[in-house]
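What follows is one chain in structure tokens, specifically the form predicted alone.
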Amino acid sequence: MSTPSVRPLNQRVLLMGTCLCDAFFDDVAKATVEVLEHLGVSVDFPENQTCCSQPAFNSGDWESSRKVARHCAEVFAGEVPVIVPSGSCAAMNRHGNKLQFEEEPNASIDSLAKRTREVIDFIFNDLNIRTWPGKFAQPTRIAFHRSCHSRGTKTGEAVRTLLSSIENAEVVPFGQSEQCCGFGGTFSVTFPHISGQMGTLKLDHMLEIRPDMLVGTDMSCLMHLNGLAQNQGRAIPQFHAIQILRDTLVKPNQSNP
């Protein structure tokens, strides 16, 4: 099976690592770099980046949120695409900031919104990679959770198409797949019981199809579902989609582990 054509290193992007990559999911950031570099993309990581500003925004503290957003826009200034392994953070850059800066026009904020892409969306729609030369060692059933923040984008279609093209992979539909997992950022802190019940219902439907793994594009959703699954004694492997692309990749003259 051949790999995608590796492009010359004339495509440069900036990686927004996100708070969750920094605190809990460093391998997702690593996988993002490895997959993009495999595709011939040069990845830069601004070390003075902090947060996209979503926690303060969701909590209603827009004054603080705007301060963080301005810093984010300054760090990622320019014309280079900004790639985020999180539909949630990408949505904040692209849409949330438009709300909190409606009465305060800001060219840097507008520029960041136009240049931000969720990583799988970028691979599929900007780099035009439509199949993935990956392989699972054995038939693998995947339950894909499309997070709320990726709705209205092409991320869901991109993930399903790329995962389905991997040899021995089957993306299996499940009931109420469009329902929220219940995390909702600060919602899970303010309303923990409602959040937990929503997540449990989501797990019920996903596990009903007996998948071998759960895959998503938002680490916050995966963290929420994984915590519930472990606490309920029904743990199941969970991965970000970019990790699956990296881990299943079949390179020339190299067998899949």
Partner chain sequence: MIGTQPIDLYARKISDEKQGSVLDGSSKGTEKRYEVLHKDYADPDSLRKLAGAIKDHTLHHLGDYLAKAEAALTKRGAKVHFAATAEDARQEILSILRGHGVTQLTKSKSMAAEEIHLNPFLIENGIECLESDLGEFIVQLDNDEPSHIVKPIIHKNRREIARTFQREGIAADYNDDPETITRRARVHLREKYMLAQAGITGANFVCADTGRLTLVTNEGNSRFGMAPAPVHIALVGIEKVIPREQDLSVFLNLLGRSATGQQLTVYTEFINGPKSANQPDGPEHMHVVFMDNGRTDVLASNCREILRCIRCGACQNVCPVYRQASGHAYRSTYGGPVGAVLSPLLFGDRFPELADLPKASSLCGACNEVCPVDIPIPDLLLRLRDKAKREGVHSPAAVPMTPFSALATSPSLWRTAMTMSKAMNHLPIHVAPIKPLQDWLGQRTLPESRGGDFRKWMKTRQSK
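Numbering follows the first chain given and starts at 1. Note that the structure is predicted; figures quoted are calculated from it, not measured.
Heads up, the form predicted in complex with the partner chain isn't pictured, but that's what we're talking about next.
Legend entry - Contacting member of Met213, Leu39, Leu207, Ala56, with respect to the partner chain in the predicted complex [4.5 Å, heavy atom]: It is Ala56.
Legend entry - All of Arg12, Phe136 and Ser165 with a heavy atom within 4.5 Å of the partner chain in the predicted complex: Not a single residue of the candidate spot has a heavy atom within 4.5 Å of the partner chain in the predicted complex.
Inset, instruction - Report yes if any heavy atom of Thr131 sits within 4.5 Å of a heavy atom of the partner chain in the predicted complex; otherwise report no. - result: Result no; Thr131 lies far from the partner chain in the predicted complex.
Inset, instruction - May I ask you to check whether Arg117 falls inside a 4.5 Å heavy atom distance of the partner chain in the predicted complex? - result: No, Arg117 is distant from the partner.
Legend entry - Partner proximity in the predicted complex: Leu99 to the partner chain, non-hydrogen atom cutoff 4.5 Å: Answer yes; at least one heavy atom of Leu99 falls within 4.5 Å of the partner chain in the predicted complex.
Inset, instruction - Please check if Leu249 has a heavy atom lying within 4.5 Å of any heavy atom of the partner chain in the predicted complex. - result: No - in the predicted complex, heavy atoms of Leu249 and the partner chain never come within 4.5 Å of each other.
Inset, instruction - Scan 115-133 and note down the residues that get a heavy atom within 4.5 Å of the partner chain in the predicted complex; none is a fine answer too. - result: If the 4.5 Å heavy-atom criterion is applied to the partner chain in the predicted complex, 115-133 yields nothing.
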